[in-house]
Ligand SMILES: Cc1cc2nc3c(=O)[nH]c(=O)nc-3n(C[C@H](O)[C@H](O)[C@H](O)COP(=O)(O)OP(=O)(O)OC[C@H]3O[C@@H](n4cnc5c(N)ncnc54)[C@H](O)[C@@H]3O)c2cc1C
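Only one chain is shown below, in structure tokens, and it's the form predicted on its own.
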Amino acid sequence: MIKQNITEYNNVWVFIEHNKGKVELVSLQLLSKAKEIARDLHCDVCAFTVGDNVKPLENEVAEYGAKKFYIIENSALKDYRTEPWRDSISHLISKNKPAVVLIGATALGRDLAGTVATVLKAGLTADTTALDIDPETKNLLMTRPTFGGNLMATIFCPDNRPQMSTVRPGVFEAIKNPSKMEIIKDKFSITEDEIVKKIIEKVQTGEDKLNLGFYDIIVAGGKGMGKKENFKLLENLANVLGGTWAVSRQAVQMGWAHHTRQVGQTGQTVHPKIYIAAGISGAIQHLAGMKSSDIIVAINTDDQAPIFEIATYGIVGDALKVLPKLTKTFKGKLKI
């Protein structure tokens, strides 16, 4: 990798992922985190995106603190396809030279970030769970689980820009911080005839659409639940509390639940107000996906389980007996 003149690069950029005219929550979460990073770097937060008609997104983007919103509008960019989005976004970044580029680690974001980083010859840290600024060097410190989730590695890129990172939904909280925002329209010439890939049909199944990050209350179960049929206990409690249920990686590997309900390094990252972990030991892989929850309630027969180290409240007991009692109690309290 060729060493660059990094003094030419400035500002923190956040990619605005959008679907059917709505900004994806992870983009708003990243704008909030970018505000903290920009404060340490004494620079501005800028948003950027491409698409067919993206200017209407400006009000929502401005509510979360972006000072500038760089956009490219082109009918050929209406639906996501790797190559045209890669080329148009690489054009924006190369022209404006941001110091930091943050992209949500969604299916779209993961595909996009890798190919853009390749074009820009930039480093990319995937699936980060923490972002900080080194007070001395001002490098972006990007922390992510590694070696199967057994260790946490902090990665930085001292000689090249932009510093790129993908962050999973739910790692940071979306906090409104309205600002007066400038819209900067750019142009990128591409026609439909120039794009080899064609979209014939878009199909999205119910399970594939599940986003655990939208829920304030999550009741999760792991290997300690014993068998697939017992996961109904999670669902019952979640329904009473107005939340949803989730699982650990081991539960998915055993075929007890669909992978879209998995919380952890290889699943979704969540930040609910209440996270109930039933029969989950607390492997670092799982903790990486839920440790930022406001309140964590752990239920486990092993009083030495690692989950108790981060739990707000701990219940040493059999989840199969505790969960029905919690469901009954909350039904009575909530008069359901």
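All figures in this text were calculated on a predicted structure; none of them were measured in a lab. Numbering starts at 1 and follows the sequence shown. The term rigid core refers to the most C-alpha atoms you can superpose between the two forms while keeping them within 1.5 Å.
The discussion below concerns the form predicted in complex with the ligand, not included here.
Of the candidate stretches 26-34, 61-69, 284-292, 45-53, only 284-292 contains residues with a heavy atom within 4.5 Å of the ligand in the predicted complex.
This chain is drawn without the ligand; in the predicted complex, the residue among Pro84, Gly109, Gly222, Pro169 with a heavy atom within 4.5 Å of it is Gly222.
In summary, among the residues Ile103, Leu234, Val100, Val263, the only one with a non-hydrogen atom within 4.5 Å of the ligand in the predicted complex is Val263.
Residue contact with the ligand in the predicted complex: Thr129 places no heavy atom within 4.5 Å of it. Although the partner is absent from this view, Gly267 contacts the ligand in the predicted complex, with a non-hydrogen atom inside 4.5 angstroms. The ligand in the predicted complex comes within 4.5 Å of a heavy atom belonging to Ile299. Contact annotation: Ile280 falls within 4.5 Å of the ligand in the predicted complex, judged by heavy atom distances.
Taking the ligand as it sits in the predicted complex, the stretch 237-260 comes within 4.5 angstroms of it through a non-hydrogen atom at Ser248, Arg249, Gln250. With the core superposed, Lys227 shows a C-alpha displacement of at least 2 Å between this form and the one not shown.
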